[in-house]
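Just one chain is shown here, as structure tokens, and it is the form predicted alone.
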């Protein structure tokens, strides 16, 4: 990738941005032409086959975050999101972090989880022992239910059993059998559901219970991605604060998000601004990712910050983010949606593990940008500056009027829709 072609990317026109991505080798000529012709949307025929009662396509802005270095690889990151300032914040943070070496990631074995949950068992501990003693037979039957994934090196790899109890009961009332499944490059929902339905009758026979649920879990605790970065204090100073002060404020703000769920929810929402935008762009299931991530934030029994910011012996700021990420690079809408295809091309057609690394790194960058702004100049200065263009459009500005209204709105005492309309009405007076 020739990053010199991407200098001052945000200042380029729409056409210049497309040309720059092509010249840099981020996209090929066909992708560039599709962008010039605005051909990233689904066809009506495809949309009609994807969902029920189809009417039209609902579009989100599709952009790219710049400056990322992840595991020593320079990357441009596609993001689909309607909220202003997210891509700018990610690019800003990535630039600071890139100047210090970028992000380093580690991804666990990609094992998704499926569950068969049974009721009506008289002796649950004994049933659990019986199931565990037939582990190899259960794994074998599971893999017989989906031989194609086994041929690709995947399939059911391990199993465990959990006894589930209600809050007001002293004894467990359900038995849950977990399979850990290697779904290779797919997210694997359909694969896992097929496996669970395949083994349910055999487990019923072993336990003399009734299988109530046979489905995947989106809480992917066996599929974790961790991203870390180290930022020297010299990179943290602002006109108002020294680097030491900014570092300590970022650490303290994260400590608050660790002990206060009210702050943690907003803190983590900021992380997911970046993560979701990449998940959506790449055609993955952002609802599954969101549900799993927020469950992971609550694993201690209290909802807490997903990131951890500390300082090392040299006094540098060190950030870490770990996320469960049930995503894939094949299946679902990934091979159908033109935007998803382009997103994977921009990323260099990553493996599922590489995509997890990107997602965790974008989340960490987003968090750094948000918390840094929050503890220094305040979150509104940058956000409202970018939000001004949206207000200008809402006020009715067209073409070159949009930027003119936005520029005046940034200087206005009140940055709201009424102010934008007033500026537009008096634009040429």
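These numbers were taken from a predicted model, which means no experiment stands behind them. Numbering follows the first chain given and starts at 1.
One more form of this protein should be noted, the form predicted in complex with ligand MEV, which is absent from this view; the next part is about it.
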Q) Taking 4.5 angstroms as the cut-off for heavy atoms, does residue 114 touch ligand MEV in the predicted complex? A) no
Q.
With the partner left out here, check for me: in the predicted complex, does some heavy atom of residue 270 sit within 4.5 Å of ligand MEV?
A. yes
Q.
Although the partner isn't part of this model, could you tell me whether residue 123 comes within 4.5 Å of ligand MEV in the predicted complex, counting any heavy atom of the residue?
A. no
Q: Classify residue 333 as contacting or not contacting ligand MEV in the predicted complex by the rule of any non-hydrogen atom within 4.5 angstroms, answering yes or no.
A: no
Q: Only one of 397, 64, 27, 374 comes within 4.5 Å of ligand MEV in the predicted complex by heavy atoms, so just point that one out.
A: 374
Q: Report the residue, out of 73, 193, 99, 266, that has at least one non-hydrogen atom within 4.5 angstroms of ligand MEV in the predicted complex.
A: 266
Q.
Only one of 146-154, 201-209, 270-278, 182-190 has heavy atoms within 4.5 Å of ligand MEV in the predicted complex; I'd like to know which.
A. 270-278
